[in-house]
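Single chain ahead, by itself, as structure tokens, in the form predicted alone.
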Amino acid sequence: MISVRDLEKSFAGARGEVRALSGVSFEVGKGELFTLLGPSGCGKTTTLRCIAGLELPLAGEIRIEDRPVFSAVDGTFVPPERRNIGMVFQSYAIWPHMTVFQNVAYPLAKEASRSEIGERVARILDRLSLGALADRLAPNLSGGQQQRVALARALVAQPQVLLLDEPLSNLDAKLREQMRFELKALQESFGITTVYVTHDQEEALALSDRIGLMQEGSLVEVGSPADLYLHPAHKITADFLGTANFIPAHVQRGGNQPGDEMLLESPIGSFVARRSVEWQPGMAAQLFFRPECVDLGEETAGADGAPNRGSAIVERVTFLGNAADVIMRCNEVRLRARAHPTRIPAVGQRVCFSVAPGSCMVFRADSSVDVRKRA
């Protein structure tokens, strides 16, 4: 449904030209919710605005349902109002002097009769549980209601594509979590192709069919939420998505292809792990695994010297409700694990730990990640 190829974009800055996008390419399938995730300033909103036609790229191509809406090669540029898209901005951009009905009806003013506008607006308001608020002025709405009004306005014209720029960032934590489920259910019920922009990792994991992680104007990696979280191809993905353990290691035996098993020695013991696409022979290595992948047991279960096992002293326990965050020390290296709330170890207790080889990966070492600081 959406194809972005080799997108380039720059802005004028105080110290000269600033490159915002560098060769960004991806595709979004029909009915898919694709999320652009990354820190502030990485280029995700600029990419979204280029798709919308609100920014003019320097190079590349954008196609919507196989129709070119931008091409630097032949000078094609279809204006935003002719791209058949709906967009929700971070600020919602709701007109305060208009009622809910008037806000939602605005995109239809020039292309539908009064009776058709009434029917279509009433239908979309009912779908979003806004029917009882049709005559209310926008400033008299809660944050969640304003967000639904913005969505209704974006959907009422029946666009091919929905673009969402951090639409939940202005909501409080509990409402934001509730709206995630509502937004995903709404997107699935409409079957509309959606590009979603956020810096919130949890939000991206909960909502997306696929995620594209961006960094400094480039698309680093694209994959399903589970693949990017548990089996990232790049260290920057592993580090950005959630918490992680990074352990300095020395490769004893290495596979030749990404995904091959390798044997490593580390300060916390020997480990069998899978090779990432980043690691190459001769590089300093780092072992990666998620806290959720660490199994904790009683000391009496033992750490018998087998790979992927060891023992550690519990230093700190933080109760999180559905789990406990456990910080432990093994040979001067701090590790992070998740414990079930009914099986929380005590501070000072020695525990054994194990991590399945399939949950471990080997990346090239990078001094920018400090294991002690992360713990």
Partner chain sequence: MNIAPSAAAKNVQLRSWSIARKLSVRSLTLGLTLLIVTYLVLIPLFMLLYASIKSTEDKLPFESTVITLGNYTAVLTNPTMASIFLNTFLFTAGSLAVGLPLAILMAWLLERTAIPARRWIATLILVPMTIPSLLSAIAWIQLLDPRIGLINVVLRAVLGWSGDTGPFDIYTLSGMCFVQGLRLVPSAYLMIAASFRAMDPSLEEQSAMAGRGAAQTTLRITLPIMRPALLAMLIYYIIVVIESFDIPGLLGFTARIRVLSTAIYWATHSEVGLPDYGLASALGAMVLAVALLLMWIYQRLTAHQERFATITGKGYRPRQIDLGAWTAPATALCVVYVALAVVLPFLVLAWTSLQPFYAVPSADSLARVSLEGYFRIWQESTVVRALWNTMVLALVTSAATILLAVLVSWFVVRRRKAADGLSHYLATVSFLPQCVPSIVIGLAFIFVYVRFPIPIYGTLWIIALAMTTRYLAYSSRTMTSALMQVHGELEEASQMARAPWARTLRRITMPLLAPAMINVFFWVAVHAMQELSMALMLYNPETVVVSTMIWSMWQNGRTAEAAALGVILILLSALLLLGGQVFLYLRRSSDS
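Positions refer to the first chain, counted from 1. Nothing here was measured: the structure is a model prediction, and the numbers come from that model.
Omitted from view is the form predicted together with its partner chain, to which the following refers.
Visitor: With a 4.5 Å heavy atom cut-off, would you call Leu56 a contact of its partner chain in the model of the complex?
Guide: Yes, Leu56 sits close enough to its partner chain in the model of the complex that at least one of its heavy atoms falls within 4.5 Å.
Visitor: Although its partner chain is absent from this view, report whether Ala226 comes within 4.5 Å of it in the model of the complex, heavy atoms only.
Guide: Heavy-atom contact with its partner chain at 4.5 Å: absent for Ala226.
Visitor: So in the model of the complex, does any heavy atom of Ala284 sit within 4.5 Å of its partner chain?
Guide: Contact with its partner chain, no.
Visitor: Looking in the model of the complex, any heavy atom of Tyr106 within 4.5 Å of its partner chain?
Guide: It does: once its partner chain is placed as it appears in the model of the complex, Tyr106 has a heavy atom within 4.5 Å of it.
Visitor: Which residue among Ser270, Gln178, Ser91, Gln201 has a heavy atom within 4.5 angstroms of its partner chain in the model of the complex?
Guide: Contact with its partner chain in the model of the complex is made by Ser91 alone.
Visitor: From the list Asn84, Ser169, Thr243, Gln145, which entry has a heavy atom within 4.5 Å of its partner chain in the model of the complex?
Guide: Comparing distances to its partner chain in the model of the complex, the residue within 4.5 Å is Asn84.
Visitor: Given the stretches 245-253, 206-214, 73-81, 258-266, which is the single one in contact with its partner chain in the model of the complex, using a heavy atom cutoff of 4.5 Å?
Guide: Among the listed stretches, the partner-contacting one is 73-81.
Visitor: Honest question, do Glu182, His231 and Ala356 all end up within 4.5 Å of its partner chain in the model of the complex by heavy atom distance?
Guide: Negative, none of the three is within 4.5 Å.
Visitor: Suppose contact means any heavy atom within 4.5 Å; which members of 143-164 contact its partner chain in the model of the complex?
Guide: Heavy-atom contacts within 4.5 Å come from Arg153, Ala157, Pro159.
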